[in-house]
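Only one chain comes next, encoded as structure tokens, the form predicted alone.
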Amino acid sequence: MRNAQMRVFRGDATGGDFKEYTVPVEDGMVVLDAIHYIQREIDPDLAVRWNCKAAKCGSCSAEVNGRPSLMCKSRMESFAEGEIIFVEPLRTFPLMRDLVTDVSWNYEQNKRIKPFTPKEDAKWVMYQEDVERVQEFRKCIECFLCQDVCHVLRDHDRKDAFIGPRFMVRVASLEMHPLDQGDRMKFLHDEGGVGFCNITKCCSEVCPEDIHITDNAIIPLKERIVDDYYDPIAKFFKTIFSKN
């Protein structure tokens, strides 16, 4: 057994700082286990959000050594002996207390997206490739790590104009569904802020479900926006057929 030096953020919306803790490390421990040890043995008032400890609920999102991560997936053995482990709350969202942030803004964005709208008298038959295309997006556990790392939301605080990668994924799951007839392109162009994304792929890098957010969701949506708004030929034919 070895000891790990951890610095955990303590504070609330009015301010705070890192507090140092020494935690004994056992085989198989993850950062969330270390946080629970601190709660149990040292500071019982340390606030942290968690639920399943199986990387499926998305609750224990935090920044571990500056990287947005699920604490239950960040293994203590991955840190070098003697390395100080910094644990802090997601920076993109308002701090409530210690490691807990207010992510309610995300749920408001979700309400803005037109829900699944099936075609009338649709035959509920799908090709396997269509199933696989949208199935990837359904793996999202809404940990909001992609929202946290997104430079548009994190560095520029454009929550007024950009819904973020998580909801680009949701729009893609609907737009690429073969039985859906809803049109969300105008929303993406005018309100969703798809043009703000400059394809850095940082959102894909932190996704615990390995969803190819940029390649499979955002880029195809951008291509559809270009076709609808900036391709004169495609725009002409869309205008003609919409009148018929």
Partner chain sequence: MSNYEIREHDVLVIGAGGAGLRAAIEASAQGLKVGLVCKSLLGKAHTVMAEGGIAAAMATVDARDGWQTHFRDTMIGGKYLNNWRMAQLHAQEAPECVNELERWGAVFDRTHDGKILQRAFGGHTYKRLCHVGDRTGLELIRTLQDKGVHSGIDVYMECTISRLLKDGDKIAGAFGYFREDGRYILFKAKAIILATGGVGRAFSVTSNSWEYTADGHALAYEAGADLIDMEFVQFHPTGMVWPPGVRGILVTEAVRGEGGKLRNSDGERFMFKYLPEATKADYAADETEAERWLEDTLAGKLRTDYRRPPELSTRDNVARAIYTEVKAGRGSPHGGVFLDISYQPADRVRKKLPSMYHQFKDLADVDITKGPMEVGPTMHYIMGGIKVDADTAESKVPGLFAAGECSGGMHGANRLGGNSLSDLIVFGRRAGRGAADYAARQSGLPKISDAEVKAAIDELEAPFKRASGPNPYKLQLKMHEIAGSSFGIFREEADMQKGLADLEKLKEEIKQVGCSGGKNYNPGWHLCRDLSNMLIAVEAIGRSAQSRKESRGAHSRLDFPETDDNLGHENTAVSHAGGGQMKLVKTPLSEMPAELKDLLKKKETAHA
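Positions refer to the first chain, counted from 1. Here the structure is a predicted model, which means the values were calculated and not measured.
There is another form of the same protein, the form predicted together with the partner chain; it is not shown, and what comes next is about it.
Hey, in the predicted bound form, is residue 85 touching the partner chain, heavy atoms inside 4.5 Å?
-> Output for residue 85 is no: heavy atoms all beyond 4.5 Å of the partner chain.
Is residue 182 close to the partner chain in the predicted bound form, meaning a heavy atom pair under 4.5 Å apart or at it?
-> No, no contact at 4.5 Å.
Proximity of residue 132 to the partner chain in the predicted bound form, heavy atoms at 4.5 Å = Residue 132: yes, in contact with the partner chain in the predicted bound form.
Though only this chain appears here, would residue 76 touch the partner chain in the predicted bound form if you measure heavy atom gaps against 4.5 Å?
-> Outside the cut-off, so no.
Since the partner is left out here, which residues of 41-59 would have a heavy atom within 4.5 Å of the partner chain in the predicted bound form?
-> Heavy-atom contacts to the partner chain in the predicted bound form: 41, 44, 45, 46, 47, 48, 49, 50, 51, 52, 53, 54, 56, 57, 58, 59.
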